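What follows is one chain in structure tokens, specifically the form predicted alone.
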Amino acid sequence: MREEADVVVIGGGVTGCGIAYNLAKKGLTDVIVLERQVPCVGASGRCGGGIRQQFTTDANITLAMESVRLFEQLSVELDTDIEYEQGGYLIIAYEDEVDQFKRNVRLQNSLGLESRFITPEEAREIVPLLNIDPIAGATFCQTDGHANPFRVVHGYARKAQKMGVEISKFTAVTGIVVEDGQIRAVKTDKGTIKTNTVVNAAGAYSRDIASMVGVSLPNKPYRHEILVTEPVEHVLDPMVISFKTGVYFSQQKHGPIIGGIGDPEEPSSYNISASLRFMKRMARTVVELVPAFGHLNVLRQWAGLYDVTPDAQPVLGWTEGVDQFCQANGYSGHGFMIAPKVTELIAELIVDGKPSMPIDDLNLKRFEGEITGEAYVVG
């Protein structure tokens, strides 16, 4: 492991590896990524791989749209098939959600996103197996889709390493040395790395990393469970999602149905165990929407952690009081979706001093004022 580096990135998920790759792409290769296990073992490797642009805040919509533009050519750029498909996102609307969904579509359209509100009958044309009896409509965006998170993360990692970046696996950060507001080094269980720039891309553990330098992040970890079924013939193109019930599911390239459901009663914790409660709620909710899925066998279930902020938007950029301490966390379940653009912007901030897209509104300082946030979150 290097004893010195221009930049130390903490976290080997899609954000950490993506930032390392984009730094190297801009010519800064004296970079080390510290991962306490292996790349993609955390939230990135435990997500459903969905990529949507249908959000309710300008920042999330724009970051997602720009990320889709990058996802569309990422297989070529990373020299690996990321299994990217643009089958769309069908967001189910119940009666009391219709007016708000129509307003959300108007906002998305104003920013250039081609989403639309559709009738239950139109929704069934997109998903023929859909039970439309309980729904009042839906929104749909064809350019939403999904990709394989493992292929994306390892694609970033391999490319970064080929350009000179070091990825140190099984390396736990134990402390960060700060003198007079300046970062001097990062301590690990394998030794100390001298540096003056640190990127906190530790996902649900980002608040623990920040606390090492006396910075308080409002982020909280929450368990979210997910499952995958046996493979079946192709019957589903888009991701189907409902924010009222918290359910989402899609069909992957080789046939399995993958999905999860949020639990509003879930307490903040680092718990990643699987539960029977999840399985029962998931099965009941999915079968109500797609009765034909009632016969499917579940192969396995698992859990990961959302790194949730009070406004469900990421924390990005430099940190007041600690020079060259960059935040790249707090994605609230949307990290994989917006990673391509976010990691590009963070690299620009570090190398050029200014990102090509303003991110000041996503700085940690925003929590000092009134908080208005993202509504489209799987609770």
Partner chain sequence: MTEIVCRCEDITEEDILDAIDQGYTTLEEIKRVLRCGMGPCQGRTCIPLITRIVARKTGKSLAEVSRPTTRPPLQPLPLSVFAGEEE
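Numbering follows the first chain given and starts at 1. No experiment lies behind these values; they were computed from the predicted model shown.
The form predicted in complex with its partner chain exists for this protein as well; it is not shown, and the discussion that follows is about that form.
Though the partner is left out of this view, V232 does not reach within 4.5 Å of its partner chain in the model of the complex, counting heavy atoms only.
Among heavy atoms of G175, none comes within 4.5 Å of its partner chain in the model of the complex.
For T195, no non-hydrogen atom is located within 4.5 Å of its partner chain in the model of the complex, even though that partner is not displayed. For the chain shown alone, K169 is a contact residue for its partner chain in the model of the complex, at least one non-hydrogen atom being within 4.5 angstroms.
Every residue of the trio C40, V287 and V298 has some heavy atom no more than 4.5 Å from its partner chain in the model of the complex. With the partner omitted here, the stretch from 178-186, 90-98, 299-307, 110-118 that lies within 4.5 Å of its partner chain by heavy atoms in the model of the complex is 299-307. Among the residues C141, V240, L227, A210, the one placing a heavy atom within 4.5 Å of its partner chain in the model of the complex is L227.
Annotation for 147-170: interface residues with its partner chain in the model of the complex are N148, F150, H154, R158, K169, F170 [heavy atom within 4.5 Å].
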